[in-house]
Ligand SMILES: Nc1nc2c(ncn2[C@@H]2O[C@H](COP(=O)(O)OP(=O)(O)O)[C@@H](O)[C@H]2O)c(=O)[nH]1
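Shown below, as structure tokens, is a lone chain in the form predicted alone; questions about how it binds or moves come after it.
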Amino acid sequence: MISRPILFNIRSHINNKSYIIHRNTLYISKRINRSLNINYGNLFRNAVRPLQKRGHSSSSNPNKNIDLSKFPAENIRNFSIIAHVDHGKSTLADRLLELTGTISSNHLHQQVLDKLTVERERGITVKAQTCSMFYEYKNKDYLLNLIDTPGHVDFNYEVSRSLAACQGTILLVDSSQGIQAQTVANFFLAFNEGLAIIPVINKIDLPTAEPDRVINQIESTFELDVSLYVKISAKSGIGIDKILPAVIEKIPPPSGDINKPLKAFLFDSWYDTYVGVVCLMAIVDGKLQKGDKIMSAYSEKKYEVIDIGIMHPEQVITGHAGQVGYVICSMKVATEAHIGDTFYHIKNPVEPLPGFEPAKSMVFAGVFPTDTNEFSRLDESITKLTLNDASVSVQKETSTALGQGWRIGFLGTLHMDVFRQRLEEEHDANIIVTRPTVPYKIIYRDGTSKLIRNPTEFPDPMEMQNKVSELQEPMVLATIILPEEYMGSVMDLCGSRRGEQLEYNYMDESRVMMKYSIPLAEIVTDFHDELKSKSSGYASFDYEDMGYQTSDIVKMNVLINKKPVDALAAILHRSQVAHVGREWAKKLSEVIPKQLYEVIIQTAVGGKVIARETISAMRKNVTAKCYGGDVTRKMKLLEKQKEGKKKMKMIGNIELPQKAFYDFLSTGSGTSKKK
């Protein structure tokens, strides 16, 4: 075993699956000694890891010394890429990294900045990623800090945090699809931050590309200067060389003063097994160096800077802070990193920067371990994962059916699904996730109000009658952009989801933008899937919070042999109760295994039963040995069996297996699959 190897040359022969590691006279080769029982894949990865921890990327020269003091503020640009889903943000980031020599053009992986497994599997960006590039323009060297952002509405909080560290942004639009819903939302995020915006038209080499039509859409919708447009194809590399000059000329440099006291802005963080919490900071004023003593304005805790550097694209130690970079400062506990916090030198306190508006969770779900012995380990895993995702809210809860767990708030159902997948893949967790719910508001007669995120918090009938004035549900302003020929079917869909049309207007001759007021509860399940189905995949969808509105909502209980199962309770609009109640009862009857006695499944609101399904008991033929004689002998045996079944039903408890919960909770309430 090689401990803490000092590596000067690492070479990987991919074709014949051999790895060679040089350390002066040390030479290990799979081709020389095939008899050794060595896992060369692990040996190679363990050898590379210390280099990466010391700040060297596999794509750059490890001995290269980066001196950031040579880059004054006027030679620094901080910018991001914003766009709708699948408009080519990560591919464009790859081309810019190749253009500046940050990565080689024959790099093995596409979407270099999509580092999570879930991002590569789904083909979407989940986490905003930062990378610093060096670029020479008009005989001057520039430091360009790029932030690649997500495009889905569920990860809007990542975009807002990234824009806070930038002075400008590239607005990327697909030349064949045109402006989509999230394009509009991201534009106004950048516009409200006062950022310089450079519109870039991508995929101009496609047969269906219509760049001129898209430019007209952008001009009429956003009123951007026509002289700023850049037409490119990120995949084939057409026009890529025009982007960075436009960034340098159109985006202003940071306005900070290096001579002022340090003022650093924490806008992201993650947990590293070896060094603890890694903070991603934007240096607003002053300078930060290795060995400095800094303090958090939020917690007033003191830290010493151990390592500092830039992402190039992996961690590269520089010893001196640029405008955007990572800081390792002996922060061991995940809860100490507060997104939006301001850091300063201990002897020079400064006025804290305005932080981010806290993320507002739109969807809540219960998360429970399948094995109760895994609770402590899962608690630690959730804590580490939420450090890397500040938009998640976590609150512990207990269920009589599922035991101890958490009520976790997400920004949407995709966000919830990605969080679940990251728990399973990155932390090897086995969990059950309950059906998503939205936060409702109770208005009491004394003028007070209360938010309920869990159906178990819903007021009982006595409290409803004596104390509650009204119940309210969250509403969202939905923006839908689609071709004109699909307007009718989409309007029918929104109407069936209790939506109210507010406005619609034509973006050009064939595309329409509609705005609807829709209850949040109606869009967190399968609304997006149905929208894509109704519009043949052409419609795009985005939503924002509109506050609360009075509504006729009730709590539907699921009873198994007259005992309520709290994990299956739901809050619904009264108009949905009959349909959902029948579907749930039917589906439960398909996933619950037969017992030795009859099982009755009911859905009910208050004391009124909505639907009922019965699972017949497993029966043994107790009369099999009666080959004749009086019929009373058979009747006696059957009566004895009947009494036994009745007794078992009185004292027995229905144990829902984890698979039954998973089968029921992992599919939509409006569907029923025959097992």
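All residue numbers are counted from 1 along the displayed sequence. Remember, it's a predicted structure, so these values are computed and weren't measured experimentally.
The discussion below concerns the form predicted together with this ligand, not included here.
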item: Open or blocked, this ligand overlaid from its pose in the model of the complex onto this form, 2.4 Å backbone/C-beta test; value: open
item: Candidate site 263, 280 and 345: all three near this ligand in the model of the complex by heavy atom within 4.5 Å; value: no
item: Contact label in the model of the complex: residue 202 to this ligand, heavy atom within 4.5 Å; value: yes
item: Contact label in the model of the complex: residue 479 to this ligand, heavy atom within 4.5 Å; value: no
item: is_contact(residue 89, this ligand) in the model of the complex, heavy atom dist at most 4.5 Å; value: yes
item: is_contact(residue 233, this ligand) in the model of the complex, heavy atom dist at most 4.5 Å; value: yes
item: Proximity to this ligand in the model of the complex (heavy atom, within 4.5 Å), stretch among 90-98, 324-332, 461-469, 363-371; value: 90-98
item: This ligand: the contacting residue among 185, 206, 295, 546 in the model of the complex [heavy atom, 4.5 Å]; value: 206
item: Heavy atom within 4.5 Å of this ligand in the model of the complex - residue from 85, 570, 166, 103; value: 85
